[in-house]
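Only one chain is given next, in structure tokens, and it is the form predicted on its own.
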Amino acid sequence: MAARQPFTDSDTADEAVRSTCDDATTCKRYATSKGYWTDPYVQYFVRSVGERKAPEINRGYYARVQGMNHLLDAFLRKTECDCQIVNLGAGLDTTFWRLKDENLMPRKYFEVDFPMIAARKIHNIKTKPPLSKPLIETHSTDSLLLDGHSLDSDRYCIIGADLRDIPGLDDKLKKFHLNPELPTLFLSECVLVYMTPDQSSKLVNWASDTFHTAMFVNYEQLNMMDRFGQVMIENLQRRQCNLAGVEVCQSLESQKERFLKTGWENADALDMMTVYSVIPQDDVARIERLEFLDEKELLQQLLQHYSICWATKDKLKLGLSQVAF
């Protein structure tokens, strides 16, 4: 297996991780331009559609977006939106605007990412009225709290923080009125894998310790010990992007274990091939007509190397353990 360098705080390692945010946003922009799903807001974060992406990449992102949205929306229904959402490593994600449009807003939506990415997102929001208008519409006073690395309104908050620094993260979230008594949903997509297993365990442990009724949904790599997984690791290493937490990505069991060992009551996980087969199949048939896919095996391999894992704890007995596909 490819040699793995330990995750360091070096600028190079962190910069490589930050660049994955642009990759994801560019891929989502391309897939939406082809009609895989609708996102009228991603265009304000990526100027152009960019170069063509392979059909299997577009279908992979489609499965990712549909899968994450399925669990997120199910949580909002269970809590009747009387909850808060914390998107960890949110990047340039547009979920807040989708929820506003669909009238599915939680009490407050928090995003956390590197200060540099938070600053970029805040700049985009400030300079693009289609992004800033929904914020202003959900805010009760004339002034938003804005500084270089944070934005705070009544219903939406962006925080620049390092997820490996739990005391710093906790302080900032409390400062912006994250409420430990409210049912809370944590989202992370290809984030924990860039932290050491110890660092990610501390983060998910902090979440289960701090919130008595919560759900954590994590999308990331799977089956990384086989040949296809090794090639993925080598490709990322060539860009100085080391998967410090790759050992947790061995299997669905190892993904679930991270949560069950850190105070979560229930955990479940599916590979993305399974998710692709259980999301609404009429829409899957629609997107499969968008582009011809020559090698179905490649899509299958790709989807078998990503997973969604979700964990719950439910003191309020809202039935969170029933949230599933």
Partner chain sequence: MANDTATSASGSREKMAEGDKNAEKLKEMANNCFKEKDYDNAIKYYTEALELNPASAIYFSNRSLAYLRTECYGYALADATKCLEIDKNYIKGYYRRATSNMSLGKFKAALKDYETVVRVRPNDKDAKMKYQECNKIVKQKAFERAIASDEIKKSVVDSLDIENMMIEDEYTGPKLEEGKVTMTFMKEMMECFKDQKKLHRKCAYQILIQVKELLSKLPSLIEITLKETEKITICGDTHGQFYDLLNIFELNGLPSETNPYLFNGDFVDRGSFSLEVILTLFGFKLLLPDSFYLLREVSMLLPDSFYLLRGNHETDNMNQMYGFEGEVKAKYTTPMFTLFSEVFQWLPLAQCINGKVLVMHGGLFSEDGVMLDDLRKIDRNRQPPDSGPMCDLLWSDPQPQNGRSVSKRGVSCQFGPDVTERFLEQNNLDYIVRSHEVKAEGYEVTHSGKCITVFSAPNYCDQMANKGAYIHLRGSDLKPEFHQFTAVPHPNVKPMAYANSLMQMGMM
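Since the structure is predicted, the reported quantities are computational estimates derived from the model, not experimental observations. Numbering follows the first chain given and starts at 1.
What comes next is about the form predicted in complex with the partner chain, which is not displayed.
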| query | finding |
| --- | --- |
| Which of 76-84, 234-242, 209-217, 156-164 sits within 4.5 Å of the partner chain in the predicted bound form, heavy atom basis | 234-242 |
| Residue (of R47, R289, K261, R52) lying close to the partner chain in the predicted bound form, criterion heavy atoms within 4.5 Å | R52 |
| One residue of T94, S200, Q221, S150 in contact with the partner chain, assessed in the predicted bound form (non-hydrogen atom, 4.5 angstroms) | Q221 |
| The partner chain contact in the predicted bound form: D23, any heavy atom under 4.5 Å | yes |
| In the predicted bound form, I279 touching the partner chain (heavy atom, 4.5 Å) | no |
| The partner chain contact in the predicted bound form: L302, any heavy atom under 4.5 Å | yes |
| In the predicted bound form, F176 touching the partner chain (heavy atom, 4.5 Å) | no |
| Partner contacts in the predicted bound form for 150-188 (non-hydrogen atom within 4.5 angstroms of the partner chain) | none |
